[in-house]
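Read on for two forms of one protein chain; each stands alone as structure tokens, with the labels structure 1 and structure 2.
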Structure 1
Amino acid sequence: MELVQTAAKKYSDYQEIIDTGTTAQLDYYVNRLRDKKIAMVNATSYGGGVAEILHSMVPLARDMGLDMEWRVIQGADEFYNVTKDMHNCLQGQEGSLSEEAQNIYLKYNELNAAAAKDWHYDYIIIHDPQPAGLIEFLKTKSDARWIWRCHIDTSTPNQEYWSFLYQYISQYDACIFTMEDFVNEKEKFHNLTFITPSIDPLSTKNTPLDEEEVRRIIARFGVDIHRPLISQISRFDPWKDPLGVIDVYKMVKKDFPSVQLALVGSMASDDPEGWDYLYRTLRRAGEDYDIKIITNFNGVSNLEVNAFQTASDVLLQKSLREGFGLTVSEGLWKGTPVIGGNVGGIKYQIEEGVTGYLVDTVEDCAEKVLRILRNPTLAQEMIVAGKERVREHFLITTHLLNYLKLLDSFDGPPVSN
């Protein structure tokens, strides 16, 4: 199983960002776990939120003195087709799990387990369903504590898929979910733990940019830097409600004619639904040239996302349904006021009226945008509170600390097969 190489990170660079309480706790747990070997295992080293987090967390942990490694399982199309369906069905999609699909899933987990038979880890943290079956073939051969880390919303899963997966995840010593709302059958887990995802304050997407550079970047996309800007950074997906965002903008524009809107989203070339929704969004925008609809196909990458999040007067994340909604923390961290849909993980990040606003309707959202645009002092207070909330709960350092606390908490014998 391939060992992933990561670019170096320095813990010392994070010291001036995190609070002293977090530093003290990190130092304490790093010291306690210094002699332990920890493995992170997932299905891919590139693409998607899990890989992004591990690219920051693993080198950071290593620089702190922890022996943490990251391994990815090997697969082939037939395996990834099964695990893609599994991913969707665990999030509630209808579908049936054939015997053939079960065999493919187990075949690749067994093959990967064979490649891992000489592992000597104290803690093995398995991310998401793809490698969850490894435990079936390895647990009896290792003294490690096995932890399953679920990044998806399994609150209303397809029962056929859930029962299949449960055979394996029930063998783990602990299971981590992002939020309580994402778990069904809570009573059936050993050491059920909740850990939210995080942002890396020193990644290209989040590191502070020079004002001149920010202006230069957004001007390149046709934004007038002298007029107010509302943005939403999101995939073009019905649950992210880009059409609702355009309706909000149109309402705001009646009272605040100088306002502009940017909808910034990444497109995958193999995601027809995303393209369909982009076209619907373009149609809703019509010929209003103050609406900028921008994608990776016009050159948006992490730096540009950073610039839009930094330059906007208000950021929206007007989701109708949401997993965690990392864009909220990204915006708050940059000191930009954020208005979010009153759903999913957005509710964890935005404390109504304190670190931003939570909204249920277009009208409510438009009213809150106007309130922020007209009242910069109010926005200033929310900015300070929002950034502190992210510092305390949603940075990569706190994320790592939460893992270490869990690893250190095990006592008694491991869960037996």
Structure 2
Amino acid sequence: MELVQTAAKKYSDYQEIIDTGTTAQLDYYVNRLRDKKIAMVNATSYGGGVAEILHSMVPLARDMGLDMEWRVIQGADEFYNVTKDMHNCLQGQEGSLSEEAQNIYLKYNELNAAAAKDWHYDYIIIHDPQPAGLIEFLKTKSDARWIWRCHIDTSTPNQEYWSFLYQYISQYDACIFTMEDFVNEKEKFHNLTFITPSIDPLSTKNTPLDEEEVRRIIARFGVDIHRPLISQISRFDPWKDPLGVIDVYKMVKKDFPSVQLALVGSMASDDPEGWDYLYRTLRRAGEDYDIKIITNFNGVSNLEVNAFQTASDVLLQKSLREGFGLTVSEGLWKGTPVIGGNVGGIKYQIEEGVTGYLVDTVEDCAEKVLRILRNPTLAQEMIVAGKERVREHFLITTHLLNYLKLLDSFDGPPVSN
């Protein structure tokens, strides 16, 4: 398994942003866990919210004095095709889990476990379904505490897929979900915990940019800086509903003809379906040159994402299912009103009518976009409230603190197989 190298972070840089209470608690738990070794394990080192969080959390934890490493499992296309189907079906998509798919999933988890046979960690935190099966092959060989972190909305899963995964996650010493609604009350988990994801306010994606730089960056992609802009920053994924976003834009344009749309997304290594959905999005956009569809393969990095989120008049996150949706907090932190799907963790971030709007339909979304575009005073009120909500609840420092509290809480022997 690959050991991921990250850029350095300095804990001292965050002191002006976080409150003294958070600082005191972080110092306390870091001191208690200083002699422990912690592993974060997921499926990819780039693309998607989990990798983004770990690129900030791991080096920050290390600078604070914690021994934390990040490892990524290895797999081939057949494995990622299976786990993408698993991801979709755990969020409610119909489908049947074949015996061949089960064997592929277990084969790659076993191969990765063989590469990890000499691990010596006190805590192993496994992110999402892809590496969840590692525990089947490593638990009896390790004295570590195993924690499974679910980042997706499993409130109404495809039961065939859920039953298969549950036989592995039920072995974990603790399970973390984003919110209580994602957990089936009939299932039994050891040490069930709820932790929301976060943004890094000092990452390239979230630090303030000069207005001229913002304009220069978005103009490079053909955006007219003198006209209103709607953007959605997301993977090209059916659950993110980029096709619905284009429909919203078309409705808004009838009443607000100067509006432009940017769909900005990263193509991740563990998401083979993404390319197919990108092509579908391009077809839906057609020859409308006011729709800009941009990915990391034509020049978008975190800096460009920052610029689009900063420059936009309205940000959308029109998800149909969503574990959390980090782009919501990113937009609020930059002072941009956000309209999100009334689902999952988006509901935690947006206070209806205060920091943005929650919507269920294309028509409702278009109406809320028009309301913000026509009311600058309302937009300004949302900007102030949104940034403060993120500061209080959704920064990387609070996220790390919640992990440390969980690790420090373990008492007694690990769960046995």
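Numbers given to residues start at 1 and step along the sequence of structure 1. Since the structure is predicted, the reported quantities are computational estimates derived from the model, not experimental observations.
- Structure 1, not structure 2, represents the form predicted together with uridine-5'-diphosphate (UDP).
- Hinge location among 135, 240, 33, 394 for the rigid parts moving between structure 1 and structure 2, by C-alpha fit switching from one part to the other: 394.
- Superposition of the larger rigid part on its C-alpha atoms leaves the smaller part rotated by 19 degrees between structure 1 and structure 2.
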